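To begin, one chain is listed below as structure tokens, in the form predicted alone.
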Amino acid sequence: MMDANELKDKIFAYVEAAKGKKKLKEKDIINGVSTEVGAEKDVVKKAMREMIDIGKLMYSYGGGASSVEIPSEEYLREKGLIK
């Protein structure tokens, strides 16, 4: 069983790999990462939500659907997560 930080690294890498190629929905990431690392979907979901809470990932809304992506510096500044 991998620890939470390793799992978060995997999630980040998964999202990063799709950057500029396709928009990932929350469940795409949960399914993809849980399959890749053999973790429970709930565990992946919780880790991803924690990453969203601290600004490692963000929800983005476009075309009537939400996706999860790596935030821009602008977004992080807006949220007060970086100076």
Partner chain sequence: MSKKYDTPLLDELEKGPWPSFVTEIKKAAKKSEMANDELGQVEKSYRTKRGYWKHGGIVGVLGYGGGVIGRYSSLPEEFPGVAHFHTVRINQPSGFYYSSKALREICDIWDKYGSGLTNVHGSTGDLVLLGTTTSALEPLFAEYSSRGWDLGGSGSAMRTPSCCLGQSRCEWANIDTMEICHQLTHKFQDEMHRPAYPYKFKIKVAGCAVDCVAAIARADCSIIGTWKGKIAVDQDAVKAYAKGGMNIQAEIVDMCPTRCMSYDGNALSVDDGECSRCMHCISKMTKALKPTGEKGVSILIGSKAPIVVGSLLSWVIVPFMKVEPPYDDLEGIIRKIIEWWDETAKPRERIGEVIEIKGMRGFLEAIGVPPVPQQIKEPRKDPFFFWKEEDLTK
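Please read these numbers as outputs of a predicted model, since none were measured by experiment. Residue numbers count along the first chain shown, from 1.
One more form of this protein should be noted, the form predicted together with its partner chain, which is absent from this view; the next part is about it.
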Quick one: is Lys25 in contact with its partner chain in the predicted bound form, heavy atoms, 4.5 Å cut-off? yes
Under a 4.5 Å heavy atom criterion, is Ala17 part of the interface with its partner chain in the predicted bound form? no
Ala13, heavy atom within 4.5 angstroms of its partner chain in the predicted bound form: no
If we define contact as a non-hydrogen atom of the residue within 4.5 angstroms of the partner, is Gly32 a contact of its partner chain in the predicted bound form? no
Sequence-ordered list of residues in 60-83 near its partner chain in the predicted bound form, where near means a heavy atom within 4.5 Å: Ser60, Tyr61, Gly63, Gly64, Ala65, Ser66, Glu69, Tyr75, Glu78, Lys79, Leu81
